[in-house]
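Below, in C-alpha cells: the form predicted on its own, a single chain.
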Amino acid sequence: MNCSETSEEDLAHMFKSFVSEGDTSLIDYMEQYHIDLKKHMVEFGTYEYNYTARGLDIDIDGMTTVKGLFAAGNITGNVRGDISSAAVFGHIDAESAYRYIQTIEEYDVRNHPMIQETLTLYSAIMERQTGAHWKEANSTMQQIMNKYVGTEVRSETLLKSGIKYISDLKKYAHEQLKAENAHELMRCLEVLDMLDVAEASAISAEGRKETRGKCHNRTDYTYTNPLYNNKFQTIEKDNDTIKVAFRDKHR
C-alpha cells in the first residue's frame, strides 16, 4: 500500500473507516510503531472472496431455515456479504425479528431437552480429571481438512475418507475434551463448532460431483456440469441426518 500521494483528507477518511470496520488494532499498531502511511509502504492483503458468501440460507425477510434465527453479511450463503447488502439486510432482519417475536409466547427454556443436553456437555468438559486439550482436536482437524478436503485436489476417495475421520474426531472430542477454565471451555466449544462446519464442507464437496471454480477440483469429475449453473447447493441437518441438495437461485 503506497499512500505517499494520498491527500490528508483521504487518509483521515481511511482511518475513520478503520474504526467503522472494527479495525482499531491497525491504528494502534501504526501508532505504537510510528508508521506514517505518507512515508512508509505497508504490505496488505485480503481474504479470498471465494471463502466468503458461503453460509446460512436466508429468505427475503432475512430468516434462516431455523425459525427465529436471522442473519446478514458474510455469514449468509445466498446473498452477497458486501457492506451495502449487510447493512440493508441488517435493517430488514431487525424489523423481521421484531415482528416474529410478537408471535411467540413466553417460554421457559431451562428444561428444554437441548438446553439440558448442552449443560451436560459443558459440565463434562469442565469436570473431567483427564482428557485432551482443545489444541489437540484443533490441530488434528486442520490436518484432516488439509489432507482430505483441501482445495487443490479432491476426489471421492479422499472426501469419503475425510468425512469418516472427521466423524471419528467429533466422537472423540465429545468424549475426551477437557477444560481447566472458562477460556479453555470456550476454545473447546469453538473446536466442536468448527468440526460441524468441517463435516458440512466435506459432505458438500463430496456431493458436488463436478469441478467448479478455483477451490473445487475433482480428479474424478474434471468437467464443470452446466446443469448446476445458477443453482445453490444446500446442506441441512435434521436431527442426526444430513441432507444435501441443489436448488435454483431466486432472482
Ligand SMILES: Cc1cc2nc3c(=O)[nH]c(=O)nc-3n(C[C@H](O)[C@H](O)[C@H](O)COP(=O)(O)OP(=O)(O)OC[C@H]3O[C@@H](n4cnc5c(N)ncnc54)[C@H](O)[C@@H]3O)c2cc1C
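Just count from 1 along the sequence shown to find any residue number. The term rigid core refers to the maximal set of C-alpha atoms that superpose within 1.5 Å between the two forms. Computed from a predicted structure; not experimentally measured.
One more form of this protein exists, namely the form predicted in complex with this ligand; it is left out here, but the text below deals with it.
- Site annotation in the model of the complex: the residue of Ala132, Ile92, Ala86, Met145 reaching within 4.5 Å of this ligand with a heavy atom is Ala86.
- Taking a 4.5 Å heavy atom cutoff to this ligand in the model of the complex, the contact residue among Ala72, Met141, Ala179, Leu158 is Ala72.
- Only one of 238-246, 20-28, 224-232, 5-13 lies within 4.5 Å of this ligand in the model of the complex by heavy atoms, and it is 20-28.
- With a 4.5 Å cutoff on heavy atoms, Asp82 counts as touching this ligand in the model of the complex.
- Superposition on the rigid core between the shown form and the other one places the CA atom of Ser20 2 Å or more away from its counterpart.
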